[in-house]
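Presented below, as structure tokens, is a lone chain in the form predicted alone.
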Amino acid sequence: MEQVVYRIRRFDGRKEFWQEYRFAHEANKTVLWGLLKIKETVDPSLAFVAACRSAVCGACAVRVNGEAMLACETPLDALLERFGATLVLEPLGNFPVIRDLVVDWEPKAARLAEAKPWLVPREEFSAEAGCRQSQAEFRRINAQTNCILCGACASECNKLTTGDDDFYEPFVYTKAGKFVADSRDGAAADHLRPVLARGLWKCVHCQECVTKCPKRVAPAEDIAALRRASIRLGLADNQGTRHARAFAGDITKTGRLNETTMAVKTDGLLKSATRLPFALRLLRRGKLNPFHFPAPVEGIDGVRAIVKAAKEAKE
């Protein structure tokens, strides 16, 4: 391969346009090297952000052929082998774009602050004694400390793509989860209430935040841990908790869901009644049978044993 082509989605503050750049291939370089090559030798007007060049600051995250990644640590040759000589570069998804590959973090930072991502020391700690914790307690939050706020998880979040009114960026849940799980923190409910109000139970489990995180943080697992913590702390009067309990109850009882009663158990009779027109349409098309009460599946004892083991498992 003699030449590499970067096809870049640019934005000048008023309109979007695509521009192609060609440069000579050099072995063992990174995606960021290509961007710097263009800026230094072809087009100084191309805007992007980079700082540490060591996968520590997270500033250089971009989308390459539809996947968010850190430009500074991603080997260019690996992408060329996978996608061919032309790579399509775009700014992170689900972010407002300032210019070219530069996205606006200010609104994201404001949303992150709502979850109070800072330590609220327990009352027994003092300025003199400090906030100590054991190695075992630190290991419980060690994974979340690796989050560098690069935005890759938010870029690829399918729930966020549908709108951010009722869902936070995945890194917000990770940051909140870190302090909820921190043995030194004395305000778990203060971290939980904001994320409960903003979609904690609305994650669609696509796992894109997990597979695209360059630091191997798992926001989807943090969301699951926050859900368990909210129930444990009694913050359970919400649709998500009721749905989870109804789901677990059906599985334990018969090994399958009863969709006829699921809505009533989740939303209550009054709210479910507002969906009567929808239910009638399902009835007319044979998608819903109110008289169907599923019998236990074959092997239900095994299913119940799995549920029991899950309940007894330590977090």
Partner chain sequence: MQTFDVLVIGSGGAGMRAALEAGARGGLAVGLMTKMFPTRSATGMAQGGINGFLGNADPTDSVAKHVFDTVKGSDYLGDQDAIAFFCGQAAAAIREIDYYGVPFSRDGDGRIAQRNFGGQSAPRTCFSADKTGHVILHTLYEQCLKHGVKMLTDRLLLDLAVDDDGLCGAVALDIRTGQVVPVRAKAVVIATGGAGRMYWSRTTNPFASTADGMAACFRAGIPLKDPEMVQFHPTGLAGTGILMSEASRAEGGYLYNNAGERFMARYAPEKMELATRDLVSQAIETEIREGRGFGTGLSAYVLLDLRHLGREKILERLPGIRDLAMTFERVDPVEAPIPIRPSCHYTMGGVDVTDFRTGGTALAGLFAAGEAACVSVHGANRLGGNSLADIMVFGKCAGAGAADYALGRDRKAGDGALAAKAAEWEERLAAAMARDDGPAVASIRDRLAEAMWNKVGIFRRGGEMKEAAAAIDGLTEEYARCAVGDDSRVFNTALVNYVELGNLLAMAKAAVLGALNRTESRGCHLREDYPARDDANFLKHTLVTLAGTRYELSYRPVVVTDYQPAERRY
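Since this is a predicted model, take the numbers as computed values, not measurements. Residue numbers count along the first chain shown, from 1.
This next part talks about the form predicted in complex with its partner chain, which is not shown.
Within 4.5 Å of some heavy atom of its partner chain in the model of the complex lies at least one heavy atom of Glu106. Though the partner is left out of this view, Glu16 does not reach within 4.5 Å of its partner chain in the model of the complex, counting heavy atoms only. Its partner chain is not shown here, but in the model of the complex it comes within 4.5 Å of a heavy atom of Ile148. When contacts are judged by a 4.5 Å heavy atom cut-off, Gly93 does not count as touching its partner chain in the model of the complex. In the model of the complex, no residue of the candidate spot (Lys159, Thr274 and Lys311) has a heavy atom lying within 4.5 Å of its partner chain.
The single contact residue among Pro44, Pro290, Gly66, Gly286, judged by any heavy atom lying within 4.5 Å of its partner chain in the model of the complex, is Pro44. For the candidate set Ala51, Val264, Leu280, Ala248, a heavy atom within 4.5 Å of its partner chain in the model of the complex is found for exactly one residue, namely Ala51. In plain terms, the part of the chain that comes close to its partner chain in the model of the complex, with a heavy atom within 4.5 Å, is 128-136 out of 128-136, 190-198, 82-90, 226-234. Shown here without its partner chain, the chain has Lys175, Lys178, Phe179, Arg184 in 155-194 lying with a heavy atom within 4.5 Å of that partner in the model of the complex.
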